[in-house]
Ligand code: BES
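Next up: a single chain in structure tokens, the form predicted alone.
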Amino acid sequence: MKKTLTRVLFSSVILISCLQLGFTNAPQGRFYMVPNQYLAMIQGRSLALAPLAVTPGFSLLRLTPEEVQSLSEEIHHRVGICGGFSDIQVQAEQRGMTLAQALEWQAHGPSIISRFEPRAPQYPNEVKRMLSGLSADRWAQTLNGIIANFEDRSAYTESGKKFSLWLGQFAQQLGAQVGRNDIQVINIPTGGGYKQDSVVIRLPGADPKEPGVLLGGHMDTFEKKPGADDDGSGTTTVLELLTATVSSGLKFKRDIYFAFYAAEERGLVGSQRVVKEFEARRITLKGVLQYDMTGFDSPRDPQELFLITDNVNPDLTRFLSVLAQKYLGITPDRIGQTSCGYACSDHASWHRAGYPAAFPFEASFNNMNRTLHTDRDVMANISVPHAMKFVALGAAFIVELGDPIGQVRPLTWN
């Protein structure tokens, strides 16, 4: 009873603030949820932020774009993590919630628990075909090209907008090269003053009524930051999987989606918009795979890859481990588990909406690449062989969840 009363009183405080402040953007800013533990570490240093309301775990703040960037940089500097806060105005606007309801929804997780029915892998021949089409050289050339041709991929800059457009052009050109005119490019506006749209590439399956399969990563960086690992490596991994899937000649029962999210660095904004679009169109998904930083091979970790354990579906996460053992030959002791402790990337947007999501990561959370958000996040810190393990895992994920149709010539699995 006391806990319920506390929530009611807190919701009333937030609602009054919302009625007074409204939902306008610049110059007043947007509404964000920031964990109190992180806010306490940065307050009174280079930032002085005044919460509109406080709960036992989170504070509600209204921030301008400049304050959002400063907040993210300070959290990275003081706490050593990526992000750490969420734009909750997206939920208020798109779900018809008051900000009080949006804060409650974000703070306490999904009301719908996602389900994934695990099974044994059953398409070794098709997976082998996909793996044979992967290219480490192409992966490296793609990432080098992205860094060289775009000053940054910020959601606020013209360079970031151009990168979003380039991703759609890449998919269309790829389809033209192999004679696939059914590839669909979907641009999902981010709103809120952001110039960069999220981009979703759809490869239609034989039965669009079946739940689809989605792989994604955020495309954005901070202004004038190279972002080789965060998240150039994840973006390039998704592009390589798109290329390999289209070029393989395999057909699937399910739709396969490749998502590139805008404004992740600003509070998971783009992925929340994408999720809401899928919900509005009543698109169901069998599984969602998130790629955010796949290129740093930590010398401090004996494991080859890690699986994030919070804000994910545990059954789908275990299935990833099974795929890594069968198709990558990684033994169980070389597959680690780690947690963010907060909604650290776009998988959380899907999880909160009740979609089964999983998140393989480059290292343990304590030993990840610490050059993120700096000028030092460059190609020199990237291990292409390490990144290709995540590409191979994604290839197996696509085939096993996508349900290929038609017969492939049997191959002996070594």
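Throughout, we count residues from 1 along the sequence that is shown. Only a predicted model underlies this, so the values are computations on that prediction, with no experimental measurement involved.
The discussion below concerns the form predicted in complex with this ligand, not included here.
Contact with this ligand in the model of the complex, defined as a heavy atom within 4.5 Å, holds for exactly one of 244, 343, 305, 320, namely 343.
Of the residues 32, 58, 355, 361, just one reaches this ligand in the model of the complex with a heavy atom at 4.5 Å or closer; this is 361.
Though the partner is left out of this view, residue 387 does not reach within 4.5 Å of this ligand in the model of the complex, counting heavy atoms only. Though the partner is left out of this view, residue 38 does not reach within 4.5 Å of this ligand in the model of the complex, counting heavy atoms only. This ligand in the model of the complex comes within 4.5 Å of a heavy atom belonging to residue 268. For the chain shown alone, residue 153 is not a contact residue for this ligand in the model of the complex, no non-hydrogen atom being within 4.5 angstroms. In short, of 378-386, 65-73, 47-55, 362-370 it is 362-370 that has heavy atoms within 4.5 Å of this ligand in the model of the complex. Applying a 4.5 Å heavy atom cutoff to this ligand in the model of the complex picks out 292, 293 from 289-317, in order along the sequence.
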